[in-house]
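The form predicted alone is given below as one chain in structure tokens.
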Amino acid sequence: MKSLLAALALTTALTAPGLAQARSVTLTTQMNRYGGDGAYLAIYVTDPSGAYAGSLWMAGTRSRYYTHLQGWYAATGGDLAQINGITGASVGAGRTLEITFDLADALFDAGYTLHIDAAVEDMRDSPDEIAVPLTTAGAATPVSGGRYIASFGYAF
């Protein structure tokens, strides 16, 4: 029960501090055609000091592979409560992952960074495949990934 309350508090802090100031944000991740199995992706946020602030999404449901999402795993210690209720299927090569949710306005233009770690079975891990500052000016500006992600962007 304690971990559930902690997860709820963190999720609320990321999605609706003050409950009045949040916006709907769509994250779009286009995968490269890398020729392997579906990618596991950890999408999370760090605060201005670089400390872990919370998880937004985990693509891939087999927890035994989460250690390969190195940045996320190091930040959370592999705490599955951090992703309780926010997981989905892994993302296949050449496919697109699009997720929409409310994010607190306080996260934008305040030094927060969105990170995506990627891992594919029997291929190299890619921590910090994407790391972009959360800014209003950065919305709808796609960025290229390093190994498995062709492009990533977010829009309001």
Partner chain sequence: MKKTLALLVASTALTAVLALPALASSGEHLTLRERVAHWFSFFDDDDHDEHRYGERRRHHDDDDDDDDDHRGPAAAPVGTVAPPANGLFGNGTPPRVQVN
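Predicted model only: the values in this text are computed from it and were never measured. Positions refer to the first chain, counted from 1.
Below, we refer to the form predicted together with the partner chain, which is not included among the displayed structures.
> At the 4.5 Å heavy atom threshold, is residue 99 in contact with the partner chain in the predicted bound form?
Replying inline: So residue 99 counts as contacting the partner chain.
> Hey, in the predicted bound form, is residue 131 touching the partner chain, heavy atoms inside 4.5 Å?
Replying inline: Residue-level check for residue 131: no, no contact with the partner chain.
> Would residue 81 sit within 4.5 Å of the partner chain in the predicted bound form, counting heavy atoms only?
Replying inline: Judged by the heavy-atom cut-off of 4.5 Å, residue 81 is in contact with the partner chain in the predicted bound form.
> Does at least one non-hydrogen atom of residue 24 fall within 4.5 angstroms of the partner chain in the predicted bound form?
Replying inline: Residue-level check for residue 24: yes, a contact with the partner chain.
> So in the predicted bound form, are 111, 147 and 155 all sitting within 4.5 Å of the partner chain, heavy atoms only?
Replying inline: Contact check failed for every one of 111, 147 and 155.
> Of 30 to 48, which residues get within 4.5 Å of the partner chain in the predicted bound form if you count heavy atoms?
Replying inline: Result: 37, 38, 40, 45.
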